[in-house]
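The chain below stands alone, shown as structure tokens; this is the form predicted alone.
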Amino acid sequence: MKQPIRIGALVSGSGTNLQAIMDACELGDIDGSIVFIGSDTPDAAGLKRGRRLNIPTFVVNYGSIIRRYKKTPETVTVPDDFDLSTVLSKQTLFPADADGETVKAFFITRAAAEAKLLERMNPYPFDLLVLAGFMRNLTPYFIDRVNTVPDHPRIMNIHPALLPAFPGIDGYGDTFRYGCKMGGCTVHFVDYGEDSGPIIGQRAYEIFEDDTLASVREKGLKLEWELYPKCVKMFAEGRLKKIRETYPLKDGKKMHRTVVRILPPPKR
């Protein structure tokens, strides 16, 4: 018999997706529970949701680390096991021609913050880490220390657009301003890029002529609150399998891509 899964969560804001997952756990739709809630923002409202239920919470203030690096970079120390060249060889957040000092500053400050994040998470063993509106890109340094078993990703994110279209922080706004007739949301596993990991699930809505950015966002959020718990539920049931697929192209070449296959529901 499968054991209930332990779910860690990271938030930056209100935590409405976190609440949807917590509700699904409480109702028994997800066989699991939230074991900690962390944030990069001291006043994130999502932390209060956990405190009301006596769930352990903590904060790693990314902003203060980044400001300190800009002022006195020598005061920001990276962990002993951080290797910049290794991280740079794996990351796909920045293009090859990006400014070297900007890239270096990004990964040094993120490694300093992520080391603290891992330290705060360490007392709470978890099976899945959900990013519920966590507005920070995770780096290979952090990801490799969570995804310790090959082909078994453990970091899940929800994005407010139908990926691979409109990655980044303003998916609904980008969708609306582009004049799309359909919008949606995507749950995916996290990889070394920005919203580029293998897709687990998606939901879509129609955009009409009288829609506004506010109404588009409202439609999307309602779908997010349905989709994210369903994807966590499938993870808890062991139904998500990461595989490497090969697809033939017209020029005779082949494309390789990592995808998620959804396995059948468990037999009752």
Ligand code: GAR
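The model shown is predicted, which means the values in this text are computed figures rather than measured ones. Sequential numbering from 1, following the sequence displayed.
Only in words, not in the display: the form predicted in complex with glycinamide ribonucleotide, which the text now covers.
Shown alone here, residue 172 lies within 4.5 Å of glycinamide ribonucleotide in the predicted complex, counting heavy atoms only. Within this chain, residue 78 is remote from the site of glycinamide ribonucleotide in the predicted complex, having no heavy atom within 4.5 Å. Not displayed here, glycinamide ribonucleotide is approached by residue 159 to within 4.5 Å at the level of heavy atoms in the predicted complex. In the predicted complex, residue 197 stays away from glycinamide ribonucleotide, with no heavy atom inside 4.5 Å.
Put simply, of 221, 59, 66, 207 only one has a heavy atom within 4.5 Å of glycinamide ribonucleotide in the predicted complex, and it is 221.
This chain lacks the partner; the member of 180, 146, 135, 103 within 4.5 angstroms of glycinamide ribonucleotide in the predicted complex by a non-hydrogen atom is 135. None of 21-29, 8-16, 243-251, 256-264 except one has non-hydrogen atoms within 4.5 angstroms of glycinamide ribonucleotide in the predicted complex; the exception is 8-16. Taking glycinamide ribonucleotide as it sits in the predicted complex, the stretch 90-124 never comes within 4.5 angstroms of it through any non-hydrogen atom.
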